[in-house]
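In the block that follows, a single chain appears as structure tokens, in the form predicted alone.
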Amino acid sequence: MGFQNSKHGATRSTVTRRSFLKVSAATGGGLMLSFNLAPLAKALANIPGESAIGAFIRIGMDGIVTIAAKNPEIGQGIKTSLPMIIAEELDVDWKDVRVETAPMDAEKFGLQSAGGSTSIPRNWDNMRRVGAAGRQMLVTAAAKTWRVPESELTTASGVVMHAASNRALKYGELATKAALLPAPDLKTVTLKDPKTFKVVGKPTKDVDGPAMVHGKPLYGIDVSVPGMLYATYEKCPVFGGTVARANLDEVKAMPGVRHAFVVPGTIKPGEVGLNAGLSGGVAIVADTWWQANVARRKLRVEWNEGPMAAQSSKGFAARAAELAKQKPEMSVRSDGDVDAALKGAVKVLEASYSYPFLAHATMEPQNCTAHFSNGKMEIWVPTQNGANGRGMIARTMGIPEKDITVHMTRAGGGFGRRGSPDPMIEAAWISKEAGAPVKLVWTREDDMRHDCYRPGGYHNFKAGIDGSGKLVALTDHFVSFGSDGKFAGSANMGGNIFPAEFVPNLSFGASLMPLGTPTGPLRAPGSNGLAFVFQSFLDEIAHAAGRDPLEFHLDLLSEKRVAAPAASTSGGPQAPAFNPARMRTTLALVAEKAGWGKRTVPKGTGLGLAYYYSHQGYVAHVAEVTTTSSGQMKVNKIWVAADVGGQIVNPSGAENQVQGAVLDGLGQILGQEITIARGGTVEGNFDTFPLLRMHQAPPVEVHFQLSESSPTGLGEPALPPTLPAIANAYFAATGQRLRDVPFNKPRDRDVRV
């Protein structure tokens, strides 16, 4: 029996002890536990606006336990790690567990999204209590069967045991009886001592691994439904542009084409961002995707591009240079007296840094299958936030949310991109217009030229150093994107960016440039660019002060200060305050593993150090870089130390996440850049937006520093230090600073095709 999807909204009624957990007998006997943890989650996590967090456990009479994975799987391994937490507290062997993707159901599961590395911190305690509640019910059932006190019973490997009488019952034998018992109060269930964990903390293979290896359908791009047609969608190369006219009659005459029509854009003038609505374009629907794309090549569209067509990367750079010479338009933070401190400094250092727009470049292009029938919409999609997409479809098309069903598939990469619902809205609109189920698949060029990009940015630093080599003053004039004092998506900088709180005289200011290109979160949003510029400039300061970078940073982090809590960059809970002691320990660990200061590297080779706190994770890198005879950069090895709490749920998955993040960052620094010309994106495929090649990938050695803190996610915090560690190593090897990335920066790429 599969997990059933409720179409009712989240309840807010008074919660009784029984309403925490719904118990029923599974088909054919056994136990099915359906948890509604809305009030518990709120009480435990104290997260404003957080609603239900739930899970399903189904125990068959054969002892097989089926656990629902509630959050979208986008390659971060959450479909494996969340069920591992439940299985641990339920006290069953992982070999006896089967995992199913949970339906999208806010009443039972609460927030079901992937982003901000929040899945583990949001669900760690609740998933433990879900498993512990199931274990308690099985113990109670055994105690009643044997007429013995529950305190005399123990559990292990899916078995309840009574040592005094040498009796044992398997969970499958107790499941039906347990289904008749009242639900326990999840706030008071007994949790296991982490020292006794047998599932959590053990390297575990991805539950979808065998299916992926054998090519079984898992992804959105694999979806097939009866009567399905295929669609392509041609949009204006300039965001917000609309169709003036198109040769629809000629396209309709092509083989296999069923429909060709203009989709009116719903985005209003001045709106920026993919959540603003539907971009106008031309849809072609055919019997096969190949036929739809052949017909698309015949399509000729005259566009109303609008005023954004005047924007370009060259224009942004020129305007940023002008603004850098002026006073910042707004103050982000101001501590002490920066001007006086700079006047009194023994040495003053200035530098300007920049980073480009970036595409997400997921391996699976954007896609969505939609079927509109009898006033209701059904969606199959690889998404990071299905609820957001359902809401946008409802608002855009006037369909009540209760009449929209979303099926979440595994995603072939997300990195923030699949949090934007534009493919869902497009597919839904096309299906309704075509009167048939439609599978919309973007081409690679669609995916790259119609992304929700990581925004570029320009930083202009000035620092003051005293006679003892300490940093006494720091300013940054950040030139970014936005208007009317409001930053564009993911283009902001908060006032708590390190080393704020650790420099007595500090000022952060910002100036904004209007932007028509949609922007949004990319893996480690905000931090992925800010870490590069701040950690690189801090390395400059250390060298200018004549100090070893490690010694300089340990000294900087020794200040008796506690930073303010970090605001969420992904809509999640507020992160705990930055703890310099945890970062010092992490830095010391990575320095030890890399042999910092203890080994001599050959001429032309250098070591670079960087660290960053993001998404509640403390991560430090050391990179070793060599320059080739042709002047190219070769990264020999990267060492990583990470403190992401007191528990690593799945060590093999965690190591993969860290290594993947590091290699992602390496690809960014070597050659990735999105260029805007005439309001549109120049790059269209991997020939001009190169992903990392295997021969460029160095060994990445990962070490985890366990602490007393609750565990957090790992999809993002290991990326930010990668770029500055490599840039700082390049300086150590060559004496040259990388202040503008990528390293292989394209020149004069300003022609949009």
Partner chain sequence: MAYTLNVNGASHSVEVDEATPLLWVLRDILDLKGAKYGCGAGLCGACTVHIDGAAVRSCVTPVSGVGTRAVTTIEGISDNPLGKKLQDAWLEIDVAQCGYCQPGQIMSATALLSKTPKPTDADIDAQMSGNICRCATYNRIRTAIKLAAGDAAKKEG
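Quick caveat: nothing in here was measured; it's all calculated off a predicted structure. Residue numbers count along the first chain shown, from 1.
Below: the form predicted together with its partner chain, not depicted.
Trainee: Only one of His407, His360, Lys192, Arg547 comes within 4.5 Å of its partner chain in the predicted complex by heavy atoms, so just point that one out.
Mentor: So the residue touching its partner chain in the predicted complex, by this definition, is His360.
Trainee: Considering Gly215, Gly485, Pro400, Pro226, which brings a non-hydrogen atom within 4.5 Å of its partner chain in the predicted complex?
Mentor: It is Gly215.
Trainee: Quick check on Trp290: any heavy atom within 4.5 Å of its partner chain in the predicted complex?
Mentor: Contact check for Trp290: yes, within 4.5 Å of its partner chain in the predicted complex.
Trainee: Please run the contact check for Thr188 against its partner chain in the predicted complex: heavy atoms, 4.5 angstroms, yes or no?
Mentor: It does not: once its partner chain is placed as it appears in the predicted complex, Thr188 has no heavy atom within 4.5 Å of it.
Trainee: Any of the heavy atoms of Glu708 lying within 4.5 Å of its partner chain in the predicted complex?
Mentor: Glu708 lies outside the contact set for its partner chain.
Trainee: Against its partner chain in the predicted complex, would Phe578 count as a contact residue? Criterion: heavy atoms within 4.5 Å.
Mentor: The answer is no: Phe578 has no heavy atom within 4.5 Å of its partner chain.
Trainee: Tell me whether Arg333, Gly467 and Tyr611, taken together, all sit within 4.5 Å of its partner chain in the predicted complex, counting heavy atoms only.
Mentor: No: no residue has a heavy atom within 4.5 Å of the partner.
Trainee: Out of 146-154, 259-267, 342-350, 655-663, where are the residues with a heavy atom within 4.5 Å of its partner chain in the predicted complex?
Mentor: After filtering at 4.5 Å, what remains is 655-663.
Trainee: Within 173-199, which residues have a heavy atom closer than or equal to 4.5 Å from its partner chain in the predicted complex?
Mentor: Nothing in the stretch sits within 4.5 Å of the partner.
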